[in-house]
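A lone chain, given as structure tokens: the form predicted alone.
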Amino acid sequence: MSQEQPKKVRSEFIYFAWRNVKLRIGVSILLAFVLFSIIGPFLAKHDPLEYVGPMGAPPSREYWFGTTTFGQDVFSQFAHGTRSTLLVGLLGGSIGTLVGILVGLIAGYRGGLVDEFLNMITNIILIIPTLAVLIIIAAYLSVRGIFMQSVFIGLTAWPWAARAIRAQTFSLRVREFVDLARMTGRSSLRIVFTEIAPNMMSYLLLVFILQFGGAVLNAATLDFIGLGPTKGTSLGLIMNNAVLWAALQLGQWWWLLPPGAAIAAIVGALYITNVGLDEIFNPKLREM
């Protein structure tokens, strides 16, 4: 019976996931961008920062997304920029989720002075303007890369996740299966990560998706104001250069529109996916 239960849960999840239109749309868009981020750079004919063609040329067979004011291939920039943007979202979202999980689970399970201390740190970081901190840090770094940007975004994005996970842990730590684990002599960390965390996996997945979207938006914001990576390119940096060199005023919509639409599509797809998963995990919201 214990072996049949997980199979039943998986079958039920697949059934409702396939019937959920929001989830199908969101996941399809995300998979399309992930696939493009893998294949796109190999399809690009030129280096994204190389001056290769006529200046300000519209989309054509040779230059699929046209060229910039300086003759750079916009498609090459878009392909490499999509990969960079998704990578920042993945790394930054993972770091923010991981720190939030650790702080939330430990604070919620231990309680007492440990909870008060971790909650105090969480509240302090929570009231600090995240974007302002990121701008200050990025402005003082002479060399900025995707990895460092992801770390800074992740380390400033975890407090809200920690508070939400802490609240969930409070409700789970008084359950019978946790009391039974204590009676068997298991350590606190083992109980937290083998008993409580697995019962929150659906919630933790939703947290990661939101962290992913937040990291993409924060990275795009930093890039757009000129505080992105000093080497390489990203969707936000493409928009920054397009605005800086008056692409709209010159009628070069192909320079500004694709990266802006891609960021909106990625974040929108993450939100739709999150809503769809919430409807699946919550029986009250399921579409029968």
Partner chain sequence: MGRYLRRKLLIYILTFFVAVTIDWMIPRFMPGDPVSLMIARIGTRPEAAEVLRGYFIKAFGLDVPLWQQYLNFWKALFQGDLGVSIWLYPQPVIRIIQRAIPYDLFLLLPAIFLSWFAGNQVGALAARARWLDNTILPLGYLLTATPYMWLAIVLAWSLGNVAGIFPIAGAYSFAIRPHLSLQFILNLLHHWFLPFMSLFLVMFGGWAIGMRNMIIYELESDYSRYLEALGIPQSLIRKYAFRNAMLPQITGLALQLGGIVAGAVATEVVFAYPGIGYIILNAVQNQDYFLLQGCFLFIIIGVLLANFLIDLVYIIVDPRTRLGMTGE
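Everything numeric here is computed off the predicted structure, so don't read it as measured data. Residue numbers count along the first chain shown, from 1.
The following text describes the form predicted together with its partner chain, which does not appear among the structures shown.
Peer 1: With the cut-off set at 4.5 Å between non-hydrogen atoms, does residue 44 touch its partner chain in the model of the complex?
Peer 2: Heavy-atom contact with its partner chain at 4.5 Å: absent for residue 44.
Peer 1: Would residue 249 sit within 4.5 Å of its partner chain in the model of the complex, counting heavy atoms only?
Peer 2: It does: once its partner chain is placed as it appears in the model of the complex, residue 249 has a heavy atom within 4.5 Å of it.
Peer 1: Would residue 123 sit within 4.5 Å of its partner chain in the model of the complex, counting heavy atoms only?
Peer 2: Answer yes; at least one heavy atom of residue 123 falls within 4.5 Å of its partner chain in the model of the complex.
Peer 1: Given that the partner is absent here, does residue 21 sit within 4.5 Å of its partner chain in the model of the complex, heavy atoms only?
Peer 2: So residue 21 does not count as contacting its partner chain.
Peer 1: To verify the annotation, which of these, 113, 189, 128, 167, has a non-hydrogen atom within 4.5 Å of its partner chain in the model of the complex?
Peer 2: Exactly one listed residue reaches within 4.5 Å, namely 128.
Peer 1: Heavy atom within 4.5 Å of its partner chain in the model of the complex: which of 102, 200, 137, 118 fits that? Just give me the one.
Peer 2: Partner contact (heavy atom, 4.5 Å) among the options: 137.
Peer 1: Just one stretch in 90-98, 200-208, 72-80, 128-136 has heavy atoms within 4.5 Å of its partner chain in the model of the complex, so which one is it?
Peer 2: That would be stretch 128-136.
Peer 1: Does the trio 14, 30 and 35 actually contact its partner chain in the model of the complex, every residue with a heavy atom within 4.5 Å?
Peer 2: No, none of the three is in contact.
Peer 1: Can you list, in sequence order, the residues from 217-231 that come within 4.5 Å of its partner chain in the model of the complex, counting heavy atoms only?
Peer 2: Contacts from 217-231: 217, 220, 221, 224, 225, 226, 227.
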